[in-house]
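Just one chain is shown here, as C-alpha cells, and it is the form predicted on its own.
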Amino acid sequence: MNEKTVTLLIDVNAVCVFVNDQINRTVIQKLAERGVKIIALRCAGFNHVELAAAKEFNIKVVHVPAYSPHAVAEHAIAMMMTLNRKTHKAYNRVRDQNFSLNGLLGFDLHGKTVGVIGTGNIGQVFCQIMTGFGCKILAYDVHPNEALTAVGIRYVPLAEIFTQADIISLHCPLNESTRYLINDESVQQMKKGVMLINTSRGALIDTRTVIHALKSGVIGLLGIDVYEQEEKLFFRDLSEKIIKDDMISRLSSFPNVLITAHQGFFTQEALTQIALTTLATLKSYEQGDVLQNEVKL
C-alpha cells in the first residue's frame, strides 16, 4: 500500500499491510477519510508506519510480534554457512563440470567469536544455534535476555562486539537509536575480514559505508536479507528491467556478498502463524476485546 493504491479502498474498516508498504501520514489520513479503524501488520516491525499520525486519526495499529523466530535465525545461519563455505559457487561450478576447489576455501565456525546485536526472540534462537557450533557468543541488547545469561551468554558493550567479533549478526529492531548502527565509526572498530549478517532491517546498515568497507577488506563477507531501499525492489520480478539503484547493483557485483530478497520469514510455519495471529487480532478488535498486539507510541 502507498499513496496511490490507498485510493482504491472502498467500504472497509480494516487494512492488512506488509513490511514494505509505506504507511505515512498521507496514507493514514486517506485511510481515516475512508473509515478505516485498524491497520493490521503482517510482520513484527512497525518502523514503516507513522504511529503519531495513526494516533492523531484514531486508527489502531497491530502487528505480529512473534511468528517463527526459528525461521529468521535459521536463514541467518544459512547465509553465514553459504558465505563461508561458498556452496552457492560450488553448486554453479559443478553444474558446469568444474570440480576445482580454487577459491572455495572457508574456515571452521568452531571457536570463532560471534557478536549478536539484539537478543529478542530471533536473537535468542540464533545464539542457541551458534552455541551448538562451539562458538564464543558476545551479545548486546538494551534489555539483556535472562534466559541467555543463565546459559553463559555474556553481554558486552557494542564497542567490544565490534572489536572482538569474527562474525556479527544483527537481530535488533529499527528505531532512531539503531538506524545506521553499522556506520563509519563502528566499521573502523571492526576486525579486518569480519563477516556481517543482517536479517533484521535494512537501515541498520549504512550501505555506502559498507561498500567502502568491502572495498578496503575490513568487511570480508556480507550477507543481507534486507536492504535500506528494498521497497523499490524486493518482492518483484525485475529480471527484464534496468535496476536504477546503484548501491544494490554495486553490492551485487562483489563476489563476497550474498543478497536474498527478504525471505528469512518465508517458511510454512511462519506464514501460518502470521495469518492466525493477524486474524485472531482482527477478531478481537471486532469483538471489542483488548488488543494484545497493539503498537502504541
Ligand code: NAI
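Throughout, we count residues from 1 along the sequence that is shown. Here the structure is a predicted model, which is why all the values come from computation and not from measurement.
This next part talks about the form predicted in complex with the named molecule, which is not shown.
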The named molecule contact at Thr178 in the predicted complex, heavy atom, 4.5 Å: yes
Heavy atom of Asn121 within 4.5 Å of the named molecule in the predicted complex: yes
Interface membership of Tyr140, the named molecule in the predicted complex, 4.5 Å heavy atom rule: yes
4.5 angstroms heavy atom contact with the named molecule in the predicted complex for Ser200: yes
Sole residue of Ile153, Val72, Met130, Val194 within 4.5 Å of the named molecule in the predicted complex, by heavy atom: Val72
Complete contact of Pro65, Asp225 and Phe265 with the named molecule in the predicted complex (any heavy atom, 4.5 Å): yes
Stretch in contact in the predicted complex with the named molecule, which is absent here, among 142-150, 103-111, 86-94, 215-223 (heavy atoms within 4.5 Å): 142-150
Residues in 281-297 with any heavy atom within 4.5 Å of the named molecule in the predicted complex: none
